[in-house]
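What follows is a single chain, given as structure tokens, in the form predicted on its own.
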Amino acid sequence: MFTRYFSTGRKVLLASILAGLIIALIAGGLQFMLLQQKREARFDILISDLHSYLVDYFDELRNSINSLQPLTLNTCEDVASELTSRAAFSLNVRAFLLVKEGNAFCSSATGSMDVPLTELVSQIDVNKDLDMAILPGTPMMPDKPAIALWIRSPLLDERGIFTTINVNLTPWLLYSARQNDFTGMALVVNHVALSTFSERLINPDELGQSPSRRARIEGLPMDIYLYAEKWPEENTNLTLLIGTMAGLIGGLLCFYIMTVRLRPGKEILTAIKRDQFYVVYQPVVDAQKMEIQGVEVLMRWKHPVAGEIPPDAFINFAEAQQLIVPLTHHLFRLIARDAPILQTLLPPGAKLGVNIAPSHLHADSFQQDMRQFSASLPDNYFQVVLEITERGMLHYQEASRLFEWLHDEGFEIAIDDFGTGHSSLIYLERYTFDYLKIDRGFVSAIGTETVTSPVLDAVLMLAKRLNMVMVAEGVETEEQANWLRSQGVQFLQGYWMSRPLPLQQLVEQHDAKAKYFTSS
């Protein structure tokens, strides 16, 4: 008997190790492909943005230049003011010069002149219909690089417009710097490059590396080069880390499943029956008054063998096994059991945040479940806020009808962990929510970056424009709380205020606070 037991144990162990290795290879490979796809997508987006911007800019500039061509028939005194005005209102243009018979006779910057264009810019060929060059500077701004553009008049012989244009790679350098794969960029005209690698103009061949992306501006002798690392070291480390962690977790999970040999879903139903699930309450406080205005109810599972099981693990499993509805029923019973005590700890109208999975929302029993849950709570005391997660997609017409029904029944609705799911913006466009819960991933960046995340700025602005109450999750420092408060976030939730607490600890915290104020 013992021999068979140890033989089976060795088989389970070896199978688990093998499964872990396979999972590690698969996870590492998938992570590698995912990172590579993301890098390629970032490269494509950035080169596309640069290309579109330059194409649009030069199309508009060429239209402006073509409208100036008739001015070459006039004297400089007659057209100087108009030329200066057109230059002032043309983005990044330093000067327009009118040219006839190879001589520049009028400048928007200096007025009348009579100088051969080849003396001003030897790189430009006036015999061409269009020519371009990158200059290290111009007489008015000798230390600032510029692009020189010559366009000959299509109707008037030996006449045309010469333009100098400010060029600045700094905005694009800052943009690409946020994508830490990029190392630099260059604008190239006739084998002369203005790049982020050197303060002087260089031949791009001198850089000693091939660009990761290259795009030609149609109709102009101009190219854009983007440079990036072949494969960043941090991506390699992340791939190894993900593979190792996935293999370890997968092997342990495989070992656990093969050891206990459970039928799918039986463990959760058994845990409900044996009361292994319990709830904790995380306070939600008013950002200005710093007073508790409600709690979010979170379910926990303490397994007699495996110990504390992460919520994401058992909730995802429950949804996959179509057990989220009975699990939520059990959550409702636990809340109703604690409600009389919660009533003594929280003010009237306190928010009671409860997570609802989309699969439960679309269940046939949903409306009856919500009525029964509401009836199990003290009359007219708590305001139930249903927090909709994004682990599954909502069916548009049915969800709209259910949200309207929930509002009519007195429930409020929040979109949970906003910005992390695949459908957040679609949800905001289609449905009416009362609260927007900002994911902890955005909050954690506050105070750790030189510039606050533009995505967080966009989320805050979007919530304000939609008149939604904002709740920030994962607030862990006073600095984060102060910043969120200054941005108009109404409620805060996180470890800086309180960890999620079992009911007894919540009572003790309340009593300790009350005792402190009484003694004061």
Ligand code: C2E
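The shown structure was predicted, so the numbers you read here are calculated from the model rather than taken from an experiment. Quick note: we count residues from 1 along the sequence shown, nothing fancier.
Unshown form predicted in complex with this ligand; subsequent notes refer to it.
Name the residue from 245, 167, 298, 377 that puts a heavy atom within 4.5 Å of this ligand in the model of the complex.
Contact check passes for 298.
Please check if residue 157 has a heavy atom lying within 4.5 Å of any heavy atom of this ligand in the model of the complex.
No, residue 157 is distant from the partner.
Give a yes/no on whether residue 153 approaches this ligand to within 4.5 Å in the model of the complex, heavy atoms considered.
No, no contact at 4.5 Å.
Check residue 131 for me: does it contact this ligand in the model of the complex (non-hydrogen atoms, 4.5 angstroms)?
Answer no; every heavy atom of residue 131 is more than 4.5 Å from this ligand in the model of the complex.
Answer yes if any heavy atom of residue 495 is within 4.5 Å of a heavy atom of this ligand in the model of the complex; otherwise answer no.
Residue-level check for residue 495: yes, a contact with this ligand.
Based on heavy atom distances of 4.5 Å or less, which listed stretch (410-418, 76-84, 144-152, 108-116) is in contact with this ligand in the model of the complex?
After filtering at 4.5 Å, what remains is 410-418.
Using a 4.5 Å heavy atom cutoff, which residues in 354-370 contact this ligand in the model of the complex? It's fine if the answer is none.
Residues within 4.5 Å: 355, 356, 357.
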